[in-house]
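What follows is a pair of forms of the same protein chain, given separately as structure tokens and numbered structure 1 and structure 2.
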Structure 1
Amino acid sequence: MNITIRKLCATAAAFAGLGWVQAQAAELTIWHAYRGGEKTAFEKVVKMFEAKQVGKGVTVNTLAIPYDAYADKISAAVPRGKGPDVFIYAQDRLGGWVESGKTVEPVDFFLDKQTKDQLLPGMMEAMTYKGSVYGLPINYKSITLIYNKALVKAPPKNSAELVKIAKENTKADSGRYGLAYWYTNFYFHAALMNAFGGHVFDKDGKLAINSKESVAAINQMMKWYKTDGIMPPEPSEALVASLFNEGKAAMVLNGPWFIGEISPKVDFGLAVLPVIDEAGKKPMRPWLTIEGAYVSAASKQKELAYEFAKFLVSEEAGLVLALEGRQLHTNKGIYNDKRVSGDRVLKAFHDQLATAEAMPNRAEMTMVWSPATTAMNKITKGNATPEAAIKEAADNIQSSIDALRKSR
């Protein structure tokens, strides 16, 4: 072979090698709604993942989207072949995205036993819809009892103790209340509904919100509000925070997102929600919101997208997201780390997990919120009885469900 031919071969080989590198290069786009410390910790985990891809030419771009517009943006962009490779969202929208199609990709093909076994019990169920797995669960949230230590010596273990302590700390004419939570918001009320055995849907997926159990739970809430007089009227998230920070609410029911809003002047404690004596001594069972990482149906890098989601649920990533991002991570291994188990906030919400109940991920769940919350407001304002308001809500929800099914 002469020199010229050898040079041409070498040049061709060089270009072929370059082409191989370019073919291996990949770019992932991730959508999320994190802010503050959660966003900083998440971006650190993204960099950790990139570092593990050295030599593969992998780049991961993240986009933080305002939460209020997030779900609609996913629904609009992804089915049209646009948007991210991976998006992070709670399980309550999963069923709707699966039913509408072209939004979220099943990951059963990629899923292995080792990945499943490292997760806390019950987490994978939230990512499962009609027998298929559509995401990997990253973190969970629920409400728990948060109390002012200057006003409450020991947190209540049952509803009798709750009322007793709350009455001791209530002076309505001075704007002081023993208990404050957003009880007209159906999400917060669900902890009582679940304690009484109420459900939004039965095991067969039929609407079950109009039941004697649901009515009993509302009557219990109204007893605390009207008869016992231990809760403020017209509650809101802002009011609850204001009362607690001013020392005018001895106890609140809220989630991990509330911790950052507590004034440094308030010495607070956390405890598992109490048992409800009137519900046969059953515990309050708050809804568990589980955020999952979903592979977009539009992604052209599905295998790599899944590898990124898989890294998010690893113990390595979990420790960063928990300790720096203050997230309740789903990897059970992190709770053996003394930095996590010794953290009173992370430990308290992990303890609440034992009596929490995963929020339904059915497609019809999005139709529940508005009618249910409207019913709660009508009841508390005295504009309808619990029975009438719940029936009206159920009728409205069922009408929306029927319309959805006809459109498919």
Structure 2
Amino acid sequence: MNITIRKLCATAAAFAGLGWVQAQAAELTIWHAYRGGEKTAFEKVVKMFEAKQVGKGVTVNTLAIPYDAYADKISAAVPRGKGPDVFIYAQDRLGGWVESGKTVEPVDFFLDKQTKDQLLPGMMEAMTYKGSVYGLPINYKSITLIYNKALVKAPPKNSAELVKIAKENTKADSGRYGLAYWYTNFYFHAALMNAFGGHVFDKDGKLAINSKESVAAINQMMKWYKTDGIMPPEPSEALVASLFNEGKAAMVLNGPWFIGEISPKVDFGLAVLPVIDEAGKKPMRPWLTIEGAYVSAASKQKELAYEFAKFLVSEEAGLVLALEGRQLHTNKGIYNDKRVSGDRVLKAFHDQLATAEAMPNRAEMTMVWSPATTAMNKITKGNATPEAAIKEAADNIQSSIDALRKSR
């Protein structure tokens, strides 16, 4: 008995000692949701960062967390002082994390001009909430025009050309359509809404979805769907993919995640989204989702954590993430590299960036999706006029927002 206790004590002491030695060296924990090639590239960048910190004994541990559990895990762990030093997530949750507090550390104190200047324009906007910067943007995604080269000779520059090409390729009774995208999904529809100058929130954060611009954008979509008849009914992610892969959709609007799903039999091209003549020749402006690296408010080593985030947006990390991880990195410099500018996919999405805008990072945005989808479904099925459906959606969203923004 005595010996066992002594053994236990010895082991405990050894572990404690080990812990103490480890505590001497700085250790960073990073959470992300990458898989496959993105994960490999990310881990390579982590190794590069460690190599740069030689002598300081910095070790960086990465932990890949399944995407569907990721955001809730951060919301639960970090405010209670647990969790990583740095975590990577898109901007859509940022507003909620800032509002609920004790989750994301503001970094504008650390942020210098140099770091900002090396980034593509418009990226910091997604990381900024109510005037403070909370993270460094790593990569962006937006939709763009992807077309079947066998069916479309030259991609359309404006909506008139788009409709013309699409009509040539539409034969509804055999299930062929000139244009396919998930137009009932508000995320995809936003490109049209933004073209007409509509917004979900105005700059003060007031709900602005019920506007004549929104209605005009819906009417444009309904024109394509009903009047021109160039789009399939009941679109979904899977439907758009199968139509395009079977050569039954000449053009689709989709994002970088779609590239891997395209069948090798389809020779595809990419082009910037067209200008909408009806919107006063304004281009379609898709939403950008931007992934940022955030320093955790619970981190014990915020400066080192920030250094790591800063390294992620550097040119050398950007090249690895772009070329090996296939990410659309935010560092300007990498697009001068032959290997990046020579890659038609990376180049096409980079070109689209000029007319893209960051999706709102307000917490209230999650209240928009469901009512907006309901409205889009009602409109496309002819159950409501655009005006009535948008007004109803706006009322529902507003009451959810009011429930949240209550006076104390």
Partner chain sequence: MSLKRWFSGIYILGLTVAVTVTLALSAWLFHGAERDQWLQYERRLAQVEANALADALSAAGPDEIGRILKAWQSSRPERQSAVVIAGMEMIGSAKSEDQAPRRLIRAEKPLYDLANQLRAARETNLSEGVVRKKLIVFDEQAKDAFVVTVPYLDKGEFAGVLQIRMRHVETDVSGTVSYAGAALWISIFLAAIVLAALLHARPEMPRDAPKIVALAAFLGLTLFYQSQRLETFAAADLESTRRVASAVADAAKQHDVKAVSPAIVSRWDTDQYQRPLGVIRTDGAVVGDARDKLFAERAKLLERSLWAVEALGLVLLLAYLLGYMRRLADTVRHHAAAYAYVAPAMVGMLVLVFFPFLYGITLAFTDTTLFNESLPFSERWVGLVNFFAILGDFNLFTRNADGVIWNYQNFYWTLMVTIVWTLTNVTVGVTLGFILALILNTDNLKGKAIYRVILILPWAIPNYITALVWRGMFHPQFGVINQILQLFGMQPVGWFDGVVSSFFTGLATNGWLSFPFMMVVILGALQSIPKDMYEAAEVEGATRWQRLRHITLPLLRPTLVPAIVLSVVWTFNMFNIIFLVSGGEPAGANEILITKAYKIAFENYQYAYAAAYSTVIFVILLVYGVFQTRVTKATESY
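All residue numbers here follow the sequence of structure 1, with the first residue given the number 1. In this text, rigid core is short for the largest set of C-alphas that superpose within 1.5 Å between two forms. Computed from a predicted structure; not experimentally measured.
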Query - Panel number for the form predicted alone - result: 1
Query raised in the report: Relative to the superposed rigid core, does the CA atom of Thr380 travel 2 Å or more between structures 1 and 2?
Result: no
